[in-house]
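Below sits a lone chain in structure tokens, taken as the form predicted on its own.
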């Protein structure tokens, strides 16, 4: 069943997907109501902690070609989506820089081989550029003399995750969405209302209604480092703790790496913190005098195959989940796929990008939850 013209849509979960999809539905003429278990700052969402890197080729070392295609599509879509917002959001496409220390050359060779295999499998990706010491210094002067070779992945980008979440909130308010904070709900709460369509975007909050959904814990440090200037996201290859450093406005840097199969949302461990900070210091000594703004953990919603999926869970309800660590990288693709499928019955974009759609209506789950 499609969402009928002008039908009210209830969205559960006002994280990244809930806000993006809610805004598109509002602009398509649907009254939209959002419920979230937390507050308007998206405190309960993985999106608030994320680095928001848009790096499909770099991520191809750990994901499938379909996710790379979604990310490639989203890179072209983001400028249009951001241009529709009332408030500007930091966005750049200066590429991704990959560096490594000499002792990790073998791991770098393996990583480069994975990227070149992806380029053969996914047409249209920019060619990665090997850099010698001189070329690397030209691309990233702050790293001159520290690394003797690297790789530049042209065209990749990043944005300001918290700036985007706030800008989307303002749009939803201005467009007339009904926003209910500290309001945990499940799809079952709306089964009686035949006039509304429910979209469940709760991430880990939908765990009881989606068997197989699991948490992958990540730990992220936000630093203020006035002595460090990096022009683009930088990834340090290491066999045990590869890290990324994403430079945000005003010399704020988001540093992360860890992936732990756990739903533990407790504070970051000493080991992970030491590894993140010491690795950042080896990239640039200016991080020694950085100030730690935040040390965060997040549990990213992940399905068994680590791929996103949209599925019907009732005659008037759909679940969207499993964006894993790729939320910002693929959310425009998932939003457009959902809009095409749910409002027009069009599955062409989903087939083009390899987004899994499940039209089978799941049997009601008697369990309930508050998330």
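Residue numbers count along the first chain shown, from 1. All values reported here derive from a predicted model rather than from experimental measurement.
Just so it is clear, the following notes concern the form predicted together with a small molecule, a form of the same protein that is not shown.
Novice: Which one, 139, 282, 183, 117, lies within 4.5 Å of the small molecule in the model of the complex by heavy atoms?
Specialist: Looking at the other structure, the residue within range turns out to be 183.
Novice: Select from the listed residues 244, 111, 287, 147 the one whose heavy atoms reach within 4.5 Å of the small molecule in the model of the complex.
Specialist: None of the others qualify; the residue that does is 244.
Novice: Picking from 60 to 68, 305 to 313, 38 to 46, 342 to 350, which part of the chain touches the small molecule in the model of the complex when contact means heavy atoms within 4.5 Å?
Specialist: Of the stretches listed, the one contacting the partner is 38 to 46.
Novice: Is there a non-hydrogen atom of residue 95 within 4.5 angstroms of a non-hydrogen atom of the small molecule in the model of the complex?
Specialist: Residue-level check for residue 95: no, no contact with the small molecule.
Novice: Answer yes if any heavy atom of residue 218 is within 4.5 Å of a heavy atom of the small molecule in the model of the complex; otherwise answer no.
Specialist: Taking the distances in the model of the complex, the answer for residue 218 is yes, it comes within 4.5 Å of the small molecule.
Novice: Would residue 272 show up as a contact with the small molecule in the model of the complex if we use heavy atoms at 4.5 Å?
Specialist: Taking the distances in the model of the complex, the answer for residue 272 is no, it never comes within 4.5 Å of the small molecule.
Novice: With the partner left out here, check for me: in the model of the complex, does some heavy atom of residue 333 sit within 4.5 Å of the small molecule?
Specialist: Close contact is absent here: in the model of the complex, residue 333 is far from the small molecule, nothing within 4.5 Å, heavy atoms only.
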